[in-house]
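Next up is one chain by itself, shown in structure tokens, the form predicted on its own.
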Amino acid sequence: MGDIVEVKTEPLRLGVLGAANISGKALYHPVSTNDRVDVVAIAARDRARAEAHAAQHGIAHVEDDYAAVLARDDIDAVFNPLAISLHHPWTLAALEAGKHVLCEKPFASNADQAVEMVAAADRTGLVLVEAFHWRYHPLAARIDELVDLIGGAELIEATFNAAIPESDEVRRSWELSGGALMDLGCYPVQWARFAAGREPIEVEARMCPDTAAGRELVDVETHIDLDFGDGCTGSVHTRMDAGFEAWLTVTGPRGWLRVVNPLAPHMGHSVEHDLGDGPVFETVDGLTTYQHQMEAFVAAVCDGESPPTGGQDSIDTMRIIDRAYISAGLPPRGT
């Protein structure tokens, strides 16, 4: 992300693109606990859903379409929780309209789109943050400390599985850039990158495609082997047809650590580590990941602070995802 040429006065006024289910915990709740931000307007394909969100969460204005939200002079920034295939066009439109953007993960359908989005933010001097909420919880900083204490990562293993119903036409759609790696696997890809502290030089993947007619290009299960060089390797696994499972394990020359639920530690997590004196268990206090994320987004816009997700970080995540699809014989999303 480039230099911010202007900081906005508070409170930060937000517009919402779509009536997504994620908005309740990712937007409305953290806004309700933060007096530096307010949701002003919303639009959705189904106006009735937008009106329901507005009534439930005290949003003053409901617009007929997304463009009308972007055209409002009383909007400083937008939250983009649309289907992945719509992250790129509507984030670009918002930036061109002079709005800062908090864009849901994964950032784009592919790395080329991510590059274009970051370039637009740099050119306009606006804040563009990818909503990888886990990164904003104090647990992330503790993981970073522990990786240093074990002497850096030599072996990284990361998994995120969840049961996505077969009826989910968004997350199981090729046209909407769905798939296990896109929807779920983007998290353990980020965990692995974070623990390694650098980008992989080799990416090899195996995928199990959906067997339903018309979904042959959608991965239901993905396994990725990563080589970060200098003796550090990793593996990432994700399934969208299994029970919830989220964890990260890192082994180094002086010990190891295992984190259960780095995704949403506010919903329960554990950290186990051994630095040479035997296993130790701990937890890390914090608000919800989404509250920490909203605080960081407001600080980026209003105070000029630099958020940890977005920019080159988003591009690098998408490059690994693209390389994984190519390695497994499936085309990257949006191509």
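Residue numbers here begin at 1 and follow the sequence given. What you see is a predicted model; the values in this text were computed from it and never measured.
The same protein also exists as the form predicted in complex with a small molecule; that form is not shown, yet it is the one meant from here on.
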Could you check which residue among 162, 141, 86, 217 gets a heavy atom within 4.5 Å of the small molecule in the model of the complex? 86
Name the single residue among 302, 54, 271, 44 that comes within 4.5 Å of the small molecule in the model of the complex, judging by heavy atoms. 44
Answer with yes or no whether residue 169 is in contact with the small molecule in the model of the complex, where contact means some heavy atom within 4.5 Å. yes
Check residue 131 for me: does it contact the small molecule in the model of the complex (non-hydrogen atoms, 4.5 angstroms)? yes
For residue 265, is any heavy atom within 4.5 Å of the small molecule in the model of the complex, or not? no
Contact test in the model of the complex: residue 191 vs the small molecule, heavy atoms, 4.5 Å: no
Within 4.5 Å, heavy atoms only, one stretch in 251 to 259, 77 to 85, 112 to 120, 147 to 155 touches the small molecule in the model of the complex. Which? 77 to 85
